[in-house]
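So this first bit is one chain, no partners, the form predicted alone, shown in structure tokens.
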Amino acid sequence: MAAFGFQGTRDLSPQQMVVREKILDMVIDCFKRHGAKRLDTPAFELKEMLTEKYGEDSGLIYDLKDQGGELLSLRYDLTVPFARYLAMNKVKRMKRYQVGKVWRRESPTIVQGRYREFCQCDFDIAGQFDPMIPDAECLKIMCEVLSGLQLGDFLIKVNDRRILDGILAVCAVPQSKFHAICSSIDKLDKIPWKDVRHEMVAKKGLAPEVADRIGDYVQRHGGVSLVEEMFQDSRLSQNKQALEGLGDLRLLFEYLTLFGIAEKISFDLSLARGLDYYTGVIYEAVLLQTPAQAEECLSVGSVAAGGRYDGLVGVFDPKGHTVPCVGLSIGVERIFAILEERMKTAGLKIRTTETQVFVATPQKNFLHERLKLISELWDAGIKAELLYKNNPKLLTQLHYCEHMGIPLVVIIGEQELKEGVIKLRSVASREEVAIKRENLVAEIQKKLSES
């Protein structure tokens, strides 16, 4: 099991790293399939680059000690560094992915897979393109990753910041309160409407009738038919911003239908996504729990999220040149928590090494022969191990193979040396065959390709 590091961090055991690598490999394969290039950026950024980009969350940024006038902070996500990279390098078009650690001064709730240091996997499309084609591809990628990881049934909620702003405007929310009210709406997936309404009225000073008007909108969700319904809404259809957002969502649903994923998408008017930099379509994927899972209370919140942020690059560009961007982030820690829990429940044994062949001997004074033999295997690209002992017992060597799940053993002793052969033993079936020394590598490769 994992040892927890200091607060909000953890050490990952070899067993956990195996599970983690499988998740990352699957995610990265998907990103590559969609033509993305890999990018990496430093773990820290200039503090001024990060503040004011995250709204209420900017208090969670880790600041580093002032080292001679340089104020630096650990990166909070991979999106802001990407936007900074595009601006500094005057890149106008790029499809990139990045995998790396980010840091947040959260009060960690470990059970939900929330940490102060965690890994993010991001995919983004930057550039001026025809509307909603890249956005639809981002949602397709989310579906491919979540289906591929076999996490169970999921739903992707979609909304648009312009629709949300339009709703607040037509409900007569003062512009100065937009942000505060948005962050209340964003809690609707965790707490009921009456509590959200109470927060808006009692804590944020909104008139009760304004809150009720907002409630009529934000409790609604559905498919493309709800988009059409909103077009017909007498109040909302008066708002230019909301109409633009609805127009884009209508187009988005058309493309999602062509991609065969429309039934996985829900137009959800309560989705707000707290971050300040989103400008258009926003989305969030949640796992749908079976009744049994609900009883276990393994609630993990969203497992992937993202949206369109057309203004962020311009913030870093001295001349304010913008590059439209849309992207998504996969929540590796939460997915990892779910898969780990499942493997524990199923009692699955995880192999922590990929060793294919073990080099053994039944006799004393055979270390030199074993070393020559294993070197041949390594040079041929075969993953091989031996015990670091001059004269190990054969039983000890075979037990090690069983314990580590190593499939093949090659055995060399006096008899084999005399006859110019090597014994090849299958650990599972315990069958042994004698193979000519010079054919050993070819025979092992053949066996491995069959298994």
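So that the term is clear: the rigid core is the largest set of C-alpha atoms that superpose within 1.5 Å between two forms. In case it trips you up, residue 1 is the first one in the sequence shown, and so on. Note that the structure is a prediction, hence the values are computed from the model and not measured.
Heads up, the form predicted in complex with another copy of the chain isn't pictured, but that's what we're talking about next.
S.K.: Can you check 314-322, 93-101, 186-194, 234-242 and let me know which stretch has heavy atoms within 4.5 Å of another copy of the chain in the predicted bound form?
M.R.: Contact-bearing stretch, as computed: 93-101.
S.K.: From the list E144, D77, D248, E199, which entry has a heavy atom within 4.5 Å of another copy of the chain in the predicted bound form?
M.R.: Exactly one listed residue reaches within 4.5 Å, namely E144.
S.K.: Name the single residue among L151, L72, C182, V158 that comes within 4.5 Å of another copy of the chain in the predicted bound form, judging by heavy atoms.
M.R.: Filtering the options by heavy-atom distance leaves L72.
S.K.: Quick check on A36: any heavy atom within 4.5 Å of another copy of the chain in the predicted bound form?
M.R.: Judged by the heavy-atom cut-off of 4.5 Å, A36 is in contact with another copy of the chain in the predicted bound form.
S.K.: Within a 4.5 Å heavy atom cut-off, is D276 in contact with another copy of the chain in the predicted bound form?
M.R.: D276: no, not in contact with another copy of the chain in the predicted bound form.
S.K.: If you check in the predicted bound form, is L288 within 4.5 Å of another copy of the chain, heavy atoms only?
M.R.: Outside the cut-off, so no.
S.K.: May I ask you to state whether Q120 is within 4.5 Å of another copy of the chain in the predicted bound form, using heavy atom distances?
M.R.: It does not: once another copy of the chain is placed as it appears in the predicted bound form, Q120 has no heavy atom within 4.5 Å of it.
S.K.: Scan 362-378 and note down the residues that get a heavy atom within 4.5 Å of another copy of the chain in the predicted bound form; none is a fine answer too.
M.R.: Going through 362-378 in order - heavy atoms within 4.5 Å of another copy of the chain in the predicted bound form - the hits are L367, H368, L371, K372, I374, S375, W378.
S.K.: Please check if G381 moves between the shown form and the other one, taking a CA shift of 2 Å or more relative to the superposed core as movement.
M.R.: Moves: yes, 2 Å or greater.
S.K.: Does superposing the core leave F358 with a CA shift of 2 Å or more between the shown form and the other one?
M.R.: Passes the 2 Å threshold, so yes.
S.K.: Any chance the CA of R437 moves 2 angstroms or more between the shown form and the other one, core superposed?
M.R.: Yes, R437 moves 2 Å or more.
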